[in-house]
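Before any questions on binding or motion, here is one chain by itself as structure tokens, the form predicted on its own.
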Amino acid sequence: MPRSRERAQVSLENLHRIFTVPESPDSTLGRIDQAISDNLAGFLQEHIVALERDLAEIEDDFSQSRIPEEPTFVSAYTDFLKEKVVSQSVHTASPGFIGHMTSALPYFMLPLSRILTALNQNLVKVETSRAFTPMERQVLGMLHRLIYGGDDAFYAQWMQDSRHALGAFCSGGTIANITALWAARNRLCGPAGSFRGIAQEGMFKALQHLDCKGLAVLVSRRGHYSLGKAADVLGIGRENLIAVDTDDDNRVDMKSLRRHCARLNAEGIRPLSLVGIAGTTETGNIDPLDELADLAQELGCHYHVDAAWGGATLLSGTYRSLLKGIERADSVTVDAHKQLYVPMGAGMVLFKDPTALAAIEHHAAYILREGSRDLGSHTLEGSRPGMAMLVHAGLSIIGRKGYEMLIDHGIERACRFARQIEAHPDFELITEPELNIFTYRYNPAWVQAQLAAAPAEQAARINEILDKVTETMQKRQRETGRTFVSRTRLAPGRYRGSRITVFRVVMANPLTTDALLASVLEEQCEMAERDENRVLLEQIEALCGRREFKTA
């Protein structure tokens, strides 16, 4: 046998081994796998470094554009992964990581995720998913019942109905929101008379059929950016995604919303959907869902609620009433990878009407046949994993009462932290927690006194400098790596609508303690004493001493 042929044969045998024979527990991969399985938090704490490397330096580790020619050992690649990827990842499970909507996961999600990967089911069709298909339908039924409260007979009829689906699993809230508005668009512009529907004839002919100049989606300025993507993808146009002003509590202003609706009507533009938010991304506030339902009914348009963050609050008997009116929505988005504590990639959209998804149904001869139980016929995505298994596991193992406890503790911890900030002379609470998200900023007592008496021009300049202080502190805190808060920009009414930069905290990690939260403020106070912030605060002192800014 030629030497080159022999090498190729050996390589082929080794490649076969990759698919059939795992490396031994004593290998690098085996040891790492065991370490993660035994102590996930400890492994992450040990291998994710505290000191942040510059991103440009990290990019150098991934600068090679050629695909490697030769195979390598899995253990060798695992060493690379540990040194170059794990060590520079974000420790989202850390109880001090209170700046984003990503939290620690229940320990059982790791071994169950391995089973999910090993089974590698494809939920696009029953032929590649089998038991996963009825399991996904059951999870959708559970969430549908949580939101809409149907009776046993309703779910016996619809949950496993092969012709319909109570909702759709998606990779996240973005696809869920797009799916909701896609179904709404296709239902509004469905076949009628000689018009064969927007799916067949397109937007131009649909508008002619409806005798209008365009379609619009209306949502508060706190709406998620995914709605802009939906307006783009669905041909509605981003100009027709109407961002409505909010009140002092960051909820949609209903008077402003009605004015927009009147203007659109005068311009010949038809409302496709009103979108309510149950847990805004920046401040965690909830729109007046009942009032929005009344207006949607009055307008005769689709009513969608984006509850990607706050939907899990329905599991709490104590705080469920905050979402009163959500049961009147035509569709609702929920993200399981947020407050249901499932790994990334588990979003859902639920529809009140079990027949709603028929408006976007697609079939193909070799797959997604009419009358089959294939879930892919009702989803924007094609091939996708069986993430419903992990949601099913969470609902089964943690249970409603377990989730209730997690939700309640998160909201109550947020309230306690807000009171702690409010009592501190050198911090300013910007937004009150309605759920478990709120905002604040570092604002020394003497600066607060100056702002209270300052004319508009001076106040604006002081706030600009405080913005830089906040940005510097947040960046330093992130680089230090002990604790983390995110930041955003808001326009509080107390500052005449001027936008200011604030810290944003998310109280979702059940491992976060009150003592740790106190250390967050202590660390921020220490950072305020650093040279770069001292210089900025001295600028405020100098500004307030200027004659032209002194009040009468």
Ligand SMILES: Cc1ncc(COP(=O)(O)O)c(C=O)c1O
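Predicted model only: the values in this text are computed from it and were never measured. Residue indices: 1-based, along the sequence shown.
Separately, the form predicted together with the ligand exists; it is not shown, and the next lines address it.
Looking at Thr174, you'd find a heavy atom of it within 4.5 angstroms of the ligand in the predicted complex.
Residue contact check for Arg137: none of its heavy atoms lie within 4.5 Å of the ligand in the predicted complex. The ligand is not shown here, and in the predicted complex it never comes within 4.5 Å of any heavy atom of Ala418. The closest heavy atom approach of Ala308 to the ligand in the predicted complex falls within 4.5 Å. Contact annotation: of the candidates Arg185, Arg441, His378, Lys338, the single residue with a non-hydrogen atom within 4.5 angstroms of the ligand in the predicted complex is Lys338. This chain is displayed alone, yet in the predicted complex one of Ser316, Ser226, Ser256, Ser94 has a heavy atom within 4.5 Å of the ligand; that residue is Ser226. With the partner left out here, the ligand still marks one of 235 to 243, 116 to 124, 258 to 266, 329 to 337 in the predicted complex; by a 4.5 Å heavy atom cut-off that stretch is 329 to 337. Of the residues in 96 to 112, only Met101 comes within 4.5 Å of the ligand in the predicted complex through at least one heavy atom.
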